[in-house]
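As structure tokens, one chain now follows by itself in the form predicted on its own.
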């Protein structure tokens, strides 16, 4: 048994969607969440910048005693996960757009990927698409400005709908039947997205798969906890307003 916490980091509040999935499947595990919102978004940064930021977040979480690191950011995963695994001995769980289940489930042979520029242009994204969707038409879109709005606490309304309509209209015209949310921020907009797309388009995100993989790695490495009262800690290096709002002001946010 190992009662050390699981570390989770993201470029902002989006990784809370992953944290909630992990809490559901691993209710006894303590969690430490790091929101790097002062550097948000990661999607418009260079690969070198993203790797540097990811290394610093990992070092912070290791210093806090974390036993496993969840990179709760698609852009950080696709650009940094290999380097993190080569630099640190701790187990990592990464996130990448759920192309495989969408490709396996499509009936029209067309799937949409809503993601950031940093994810869509990464080598990992391209190789994943080649491995699982070589015979599938992928309509991808960089929803520029969406992460910034979410970080400001905007989850619905005219601004969000305008960006989403611009991003989704082409996909809808192309008759996609699966929409992959390729950024952990985007599930926070799921209700709004559902109102803007046909009912027969299935929305897919990576939350459950990431939580399941986290559990598998804990079991494999014999790192499961025996805690009955887990602890949750939250850190951010910018404004804590959005993080407080999404957590309903139930936790103390440590600013660093």
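Positions refer to the first chain, counted from 1. In this text the structure is predicted, and so the values were computed from the model without any measurement.
If you look for the form predicted in complex with ligand DGL, you will not find it shown, but the lines that follow are about it.
None of the heavy atoms of residue 207 is located within 4.5 Å of ligand DGL in the model of the complex. Contact annotation: residue 116 falls within 4.5 Å of ligand DGL in the model of the complex, judged by heavy atom distances. Ligand DGL is not drawn, but in the model of the complex it has a heavy atom within 4.5 Å of residue 40. Using a 4.5 Å cutoff between non-hydrogen atoms, residue 80 does not count as a contact of ligand DGL in the model of the complex.
Only one segment in the set 244-252, 19-27, 6-14, 230-238 has residues whose heavy atoms sit within 4.5 Å of ligand DGL in the model of the complex; it is 6-14. Taking a 4.5 Å heavy atom cutoff to ligand DGL in the model of the complex, the contact residue among 180, 176, 147, 93 is 147.
Of all the residues from 163-177, none has a non-hydrogen atom no more than 4.5 Å from ligand DGL in the model of the complex.
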